[in-house]
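Consider the single chain below, provided in structure tokens and representing the form predicted alone.
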Amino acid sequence: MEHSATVSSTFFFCTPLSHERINWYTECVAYGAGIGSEQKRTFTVFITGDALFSFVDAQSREAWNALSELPSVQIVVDGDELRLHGLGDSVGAASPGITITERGGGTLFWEQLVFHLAGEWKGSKKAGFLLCHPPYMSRIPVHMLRFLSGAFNAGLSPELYAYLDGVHNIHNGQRPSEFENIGRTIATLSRTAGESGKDPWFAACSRCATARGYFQMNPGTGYCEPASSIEEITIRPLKEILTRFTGYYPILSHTSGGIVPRDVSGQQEIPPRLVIFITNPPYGTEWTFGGLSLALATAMDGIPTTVVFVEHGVYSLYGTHEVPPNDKVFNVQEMVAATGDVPSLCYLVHAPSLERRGIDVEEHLSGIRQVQNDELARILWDQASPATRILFF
């Protein structure tokens, strides 16, 4: 039987992977590989950084090995980072089905990733990275720079969107004694790309920048102005940044994915839909509020957006949340309830995550649909959908 369409799926992981995530993710991909016969699906997983430890963990190694045995799945692992972490020999022996990149001075893995994405998002002239982590305390800004540098070297225009703690990367005057100077490298990449005619677009979220002191009111003019920030990154409203998400080109984050039909005729004119996984508890960090804010902004801009509460993210829907009068945090449950009727926004909750914790959704939010892994796979690989972006918060 002839396949009428081919769909390419790419996922990128660089942060620690829990056993829970590996289990539900690999099950979803396995379901996705087996859905229907109308589409031929390929799955490529790129893994670097702390996510590499999942290959030596006895509880997760079996899931990776089982996934790598599927003929439609390829798992590509950063060989330089494996050796940096002391995992080269052990991972190669324990996981024969994966592809380990050769030594490449820290760049070969990223060159392969860029080459793959450029072939997947056919005709795209840009590549973006949503950066949510600060410099030095996290290695993710280094990964961002390697990806965007690789994109520039491949002839693509690099784009950087600093969000949440990612705005700390714009601080002027960075002088680390032991690490690569992230601020200087960002500025150099922006200038070099601009001088080469590649039209870089580097921006930081104004709300996040204001909260962290990089966007301050000038009493003389009455307007907010950048403060202590490098010139190469412009501080912009989140809505303006998210207009970039309507474009047809790859956008990575620390944990992200993309699903792209190989037949791109007419696809470039349709904004990719967005799937956001909320994986953290509601109030201990800014992740949940940041993910929901981004989801609401894209939905209000007309981008079809699906939010999936999964892993610890299901705690957002459990119990009745009461914010004390002197606390200025948003009530996450009220935020979800108030936006449930936004036309382009859909909320889902991962049933296995609820079952694992022995909890259920609060009664006034019980209208949120619960999905099993097979249902989630069908939603992700919806045959009627255009390209899909996937982000984890």
Partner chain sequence: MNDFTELTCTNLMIKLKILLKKLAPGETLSFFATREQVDNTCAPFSSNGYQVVWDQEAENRYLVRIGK
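Note that this is a predicted model, so its numbers are computed, not measured. Numbering follows the first chain given and starts at 1.
Below: the form predicted in complex with the partner chain, not depicted.
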- Task: Answer for residue 339 alone: is it within 4.5 Å of the partner chain in the predicted bound form, judged on heavy atom distances?
- Result: yes
- Message: Since only the chain is shown here, I'm wondering whether residue 53 would be in contact with the partner chain in the predicted bound form (any heavy atom pair within 4.5 Å).
- Response: no
- Message: Would you classify residue 187 as touching the partner chain in the predicted bound form, given a 4.5 Å non-hydrogen atom cut-off?
- Response: no
- Query: residue 293 near the partner chain in the predicted bound form, any heavy atom under 4.5 Å?
  - Reply: yes
- Go through 289, 318, 152, 248 and name the one with a heavy atom inside 4.5 Å of the partner chain in the predicted bound form. 289
- From 335, 63, 351, 33: within 4.5 Å of the partner chain in the predicted bound form by heavy atoms is 335
- Is the partner chain in the predicted bound form near all of 207, 223 and 297, within 4.5 Å of a heavy atom of each? yes
- in the predicted bound form, which of the stretches 326-334, 63-71, 22-30, 353-361 has residues with heavy atoms within 4.5 Å of the partner chain? 326-334
- For the heavy atom contacts within 4.5 Å of the partner chain in the predicted bound form, list the residues of 356-386 involved, in sequence order. none
